[in-house]
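Below you will find one chain, with nothing else, as structure tokens; this is the form predicted on its own, and questions on how it binds or moves follow later.
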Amino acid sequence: MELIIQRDPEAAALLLARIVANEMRTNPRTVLGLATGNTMEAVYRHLVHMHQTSKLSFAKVRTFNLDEYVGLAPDDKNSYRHFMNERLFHQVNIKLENTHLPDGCAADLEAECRDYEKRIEKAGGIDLQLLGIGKSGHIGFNEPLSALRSRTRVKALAPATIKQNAPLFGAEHRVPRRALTMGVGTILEARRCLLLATGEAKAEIIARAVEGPITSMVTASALQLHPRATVIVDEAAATKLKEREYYRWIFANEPEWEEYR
């Protein structure tokens, strides 16, 4: 696992967007795994800007989102399909038929989860998976105690997650209690994983995920097992890391990161 510290949330989001853009320019048929949430909004804003100003093309890109709420239609303003359409898909030249999210309104949710795995496999797997991290340490909606080999499935949301997402819905009782999510095992099969976390509120859980033991209680810690996982944080989210000066040294000296410094 690599960890990169940037000065502020904007710089962290821009670095992630630059890595994604370089991947797309190298491989125009990149399969992206996408995430939602406030942290990702800045990333998508930067990607849209690159599309508009430097001709970053999404024409052949295919995408698979991590998750979707059970019971929310695609046009619901709180659905992740709506989020992605508004923040990215409708602002770039991607083909909507190449964008995939689990169907939270499917008549057979278990079958939908199996089909989602098959669609990822048919696309050749995910090249680059974007991730956020919840305050409970979850990636996707893989709440504490999720199996580290889990696949796409229906998952009950933890009370902490419901409370964290309540402002988006106006009240806790309006937040769906279940979601469809890629499993931890599905995520770990991506060829590269990029996790973005910003703000002091994420400092403790980032330290547990990066420097703590691998445990199903903090599903993001499973990224320690991945051969190519990069965690990007801002200064505030890095405050609890014991080895932060070492991480700064690596970013400043490794040739791999020269073009991003």
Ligand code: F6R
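Just so it is clear, the model here is predicted, and its values are computed rather than measured. Residue positions are given as counts along the sequence shown, with the first one as 1.
Form predicted together with ligand F6R: not shown, discussed below.
Listed residues Ser54, Asn38, Thr26, Gln224 were compared with ligand F6R in the model of the complex; Asn38 is the one with a heavy atom within 4.5 Å. Proximity to ligand F6R in the model of the complex, taken as a non-hydrogen atom within 4.5 angstroms, holds for one residue of Thr99, Asn78, Gln164, Asn85, which is Gln164. Ligand F6R in the model of the complex comes within 4.5 Å of no heavy atom belonging to Gly104. Put simply, Arg153 is far from ligand F6R in the model of the complex: not one heavy atom of it is within 4.5 Å.
Under a 4.5 angstroms non-hydrogen atom cutoff, ligand F6R in the model of the complex has Lys202 among its neighbouring residues. At the 4.5 Å threshold, heavy atoms of Asp67 reach ligand F6R in the model of the complex.
Just one listed stretch, out of 115-123, 133-141, 170-178, 70-78, contacts ligand F6R in the model of the complex at the 4.5 Å heavy atom level, and that stretch is 133-141.
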